[in-house]
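One chain comes next, on its own, written out as structure tokens in the form predicted alone.
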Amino acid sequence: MTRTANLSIEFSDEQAMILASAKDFCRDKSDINAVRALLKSDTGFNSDVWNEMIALGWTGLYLPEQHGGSEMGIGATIPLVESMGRHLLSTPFISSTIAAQAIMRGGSEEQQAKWLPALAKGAIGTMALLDNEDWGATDTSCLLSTEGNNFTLQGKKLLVNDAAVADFFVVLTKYQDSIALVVVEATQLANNAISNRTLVDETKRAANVDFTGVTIESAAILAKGAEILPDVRLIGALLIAAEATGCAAAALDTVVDYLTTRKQFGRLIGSYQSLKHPTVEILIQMDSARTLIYHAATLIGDGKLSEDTEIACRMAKAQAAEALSFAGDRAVQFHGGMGFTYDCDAMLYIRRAQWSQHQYGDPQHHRKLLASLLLD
């Protein structure tokens, strides 16, 4: 017996306004030359563009008004992140948004008052979740022990996004056999604690972080860390899905542009059915992903996520990751031998696809969990 999921979807006036504004901004600030210019940079993003995003109020879009935000909800960030994906505009926005959600949902009033206004003003936060490269892991080897009135961390975290520029980390740890989330400020780390990693997607940055020996106070432990962790993971999956959906649209644009300009044997190669059909398949998969991310954005709220919202987020991540993987693969293949070179823009999309695939769980991970939700 199958379960009937909530199928509602709404595209609000606010989302439409944000999408229109974000499209123009991302197109102007992140053309392909700007993207390539940042590939070898230390941070992977333009600090001037980040400051402009802060000035536009995007870093506080989803935060409560009392903490300097616009209180439009996490769903309002979806059109913004989609536009960032479409133009490969990499900033710490996604990392900070997920960390902010952890503090909003699991932090005390004092913790929220300390960190949320700072995030609205552009402070950078990130989640430190992985002890290994398995997003399906349910345990952690990072331990929190008691020493007098303080607590000490032991352990490393892998592939922490935007670690080198983060002002603070929300770290997944274990305390007395229970899962906990703790906030660690970047200034508390040892000088050699951050080890940058080389990623397949050169527009992104991540590092391994050693938290061993970091001492924190009890005020740094999120009160509802274990309770809100599943919701934070789902929000992360949804934001990555929105970015991947936008990137799939960009890959489609690249494909169509090439098919309508490249000639072979006296004909545009776009006239051949063997290339038309996969191109239409990219469009169908991308549109399906777009429907699912806005369905999830319709359902998601600031409270505990419902089962319908969990289903929506998992479906969105699975579909978006596969849509981008297919689009990136076809973009490379359709460009022929040139598509395998570093100078071809198609390589940017297939690399982003490989990175996005595993962030916050790959399609197999989410479909495995969807089976128990949808099937009796």
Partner chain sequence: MTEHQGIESGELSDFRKGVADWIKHNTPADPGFLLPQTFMEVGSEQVLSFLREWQHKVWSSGYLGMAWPKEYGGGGMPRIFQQIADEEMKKARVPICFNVIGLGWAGPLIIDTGTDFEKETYLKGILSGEDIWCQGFSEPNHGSDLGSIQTRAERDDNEYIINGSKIWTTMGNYAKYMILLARTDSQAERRYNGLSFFLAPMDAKGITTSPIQKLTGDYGFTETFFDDVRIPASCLMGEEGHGWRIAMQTLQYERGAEAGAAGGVAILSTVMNDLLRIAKDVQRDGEPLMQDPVTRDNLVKFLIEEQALYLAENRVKIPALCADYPNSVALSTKLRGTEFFRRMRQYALTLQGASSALYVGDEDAVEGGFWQRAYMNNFSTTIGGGTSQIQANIIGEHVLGLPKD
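Numbering follows the first chain given and starts at 1. Not measured: the values here are computed from a predicted model.
Not on display, but discussed next: the form predicted together with its partner chain.
Although the partner is absent here, residue 333 is a contact residue: one of its heavy atoms lies within 4.5 angstroms of its partner chain in the model of the complex. Taking the partner from the other structure, its partner chain in the model of the complex has a heavy atom within 4.5 Å of a heavy atom of residue 350. Proximity of residue 136 to its partner chain in the model of the complex falls within the 4.5 Å heavy atom cutoff.
Although the partner is absent from this view, residue 59 stays clear of its partner chain in the model of the complex, with no non-hydrogen atom inside 4.5 angstroms. Taken together, 45, 114 and 190 are entirely out of contact with its partner chain in the model of the complex: none brings a heavy atom within 4.5 Å. The stretch that touches its partner chain in the model of the complex, counting heavy atoms within 4.5 Å, is 316-324, out of 25-33, 51-59, 316-324, 65-73. Between its partner chain and the residues 179, 256, 194, 143, the one pair within 4.5 Å by heavy atoms in the model of the complex involves 256. When you look in the model of the complex, the only residue of 224, 262, 174, 304 with a non-hydrogen atom within 4.5 Å of its partner chain is 262. Looking at 94-126, no residue comes within 4.5 Å of its partner chain in the model of the complex, counting any heavy atom.
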